[in-house]
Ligand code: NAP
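Heads up, the chain below is alone and in the form predicted on its own; it's given as structure tokens.
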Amino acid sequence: MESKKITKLDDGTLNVPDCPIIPYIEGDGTGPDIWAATQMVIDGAVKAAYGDKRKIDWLELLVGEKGYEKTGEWLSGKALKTIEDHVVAIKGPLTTPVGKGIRSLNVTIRQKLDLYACIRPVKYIDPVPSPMKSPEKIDMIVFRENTEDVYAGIEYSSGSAECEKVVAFLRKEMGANIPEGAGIGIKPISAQNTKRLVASAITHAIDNNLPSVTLMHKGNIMKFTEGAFRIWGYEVAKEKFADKTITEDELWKKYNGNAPEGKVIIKDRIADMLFQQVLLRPDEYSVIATPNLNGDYISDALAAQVGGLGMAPGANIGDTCAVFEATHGTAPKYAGLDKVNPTSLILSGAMMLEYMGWKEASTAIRDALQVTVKAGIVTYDLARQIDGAKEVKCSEFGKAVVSNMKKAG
């Protein structure tokens, strides 16, 4: 079977060969442990779903600590170009060296490759312990804008010449009242980047027959950034999806609260209110579209409701390529101990397979993962919370998931 690159067609769909070359980044800290388990599960799912008709040819990229040790670069231009050329990639957690002037490698990958949509599905896996009374009601997907907001990295440190210059301009030209010694950060939010993010969220809702898309914002205070995000979100719904969407206002004024068949409801919620709503009324929300910082908060908060970041997958997707990733950190104190929970990266692998159109393999992973956890075969983090659970190593958990897959007919 000849190995080939995945390519993207003019209409945005993927051309996936039977043996695609997929770059991977092992990750730092516990990255090698969870990647080994994840690779085993992905390969097992492809085998279970397709037999010998399909397989993945893995291509390692040296990024992070391993990259620095072997090449002197934390993140090389060559690695970024390889991801772009191969369209689909997957990565473990990466560390950011403290005090060495290097920005987050995760953020840099997103911005350099213009992976503007950070997509975080959150769904309960029974019987994972949860602080919620009815965690089974939690089934949401967050579309977080990845390239701007305060994460754009436009910051000037207190006392620096650059900061003083910006402060002087704001005081003199704009009449701004800024305290002495303040650091300055800029929060850009644009119509172009907002609309492409919200459009991707609405497309997902339409394609998956989901009832609503909620625009999460703090527009009551930040009127010209997050308030504009709200406005532009409604605008793109009307411009591109007028025949498929209705606003929440229209839902009540025209339809008496009964959504017409085939229509996605576009609504908005102020950020602090939505944090309450996803706790009190989680079944009323399915897709959430939000600026960068809000998305960071809400995706982690939702993950906590279903058992923590170890249970939450993620993807960063743009118009040219996509990178699937673990959503948690590197946990260096557990590095090399074959101990930590690989579920986040495993589920990110399932997301990747679904993105590739290999839905049978993706389903095999999710089903087998649920069977494994339900049987009480879990890593230490869950074993200490589930009565009667059997604690297994990271690699043993991966093997258990593979053994629970239905074999291809």
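Numbering starts at 1 and follows the sequence shown. Not measured: the values here are computed from a predicted model.
The discussion below concerns the form predicted together with this ligand, not included here.
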Item checked: 4.5 angstroms heavy atom contact with this ligand in the predicted bound form for residue 287 -> no
Note to self: At 4.5 Å between heavy atoms, is residue 295 in contact with this ligand in the predicted bound form?
What the structure shows: no
Check: Applying a 4.5 Å heavy atom distance criterion, does residue 325 contact this ligand in the predicted bound form?
Finding: yes
Checklist line | Heavy atom of residue 68 within 4.5 Å of this ligand in the predicted bound form | finding: no
Note to self: Check for me: heavy atom within 4.5 Å of this ligand in the predicted bound form, for each of 151, 196 and 200, yes or no.
What the structure shows: no
Margin query: Tell me which stretch of 213-221, 85-93, 169-177, 259-267 has a heavy atom within 4.5 angstroms of this ligand in the predicted bound form.
Written below: 85-93
Note to self: Quick check on this chain: which one of 41, 63, 364, 340 has a heavy atom within 4.5 Å of this ligand in the predicted bound form?
What the structure shows: 340
Check: Of these, 225, 130, 245, 106, which has a heavy atom no more than 4.5 Å from this ligand in the predicted bound form?
Finding: 106
Next item on the list: At a 4.5 angstroms cut-off on non-hydrogen atoms, which residues of 319-334 are near this ligand in the predicted bound form? List them in order.
Entry: 325, 326, 327, 328, 329, 330, 331, 332, 333, 334
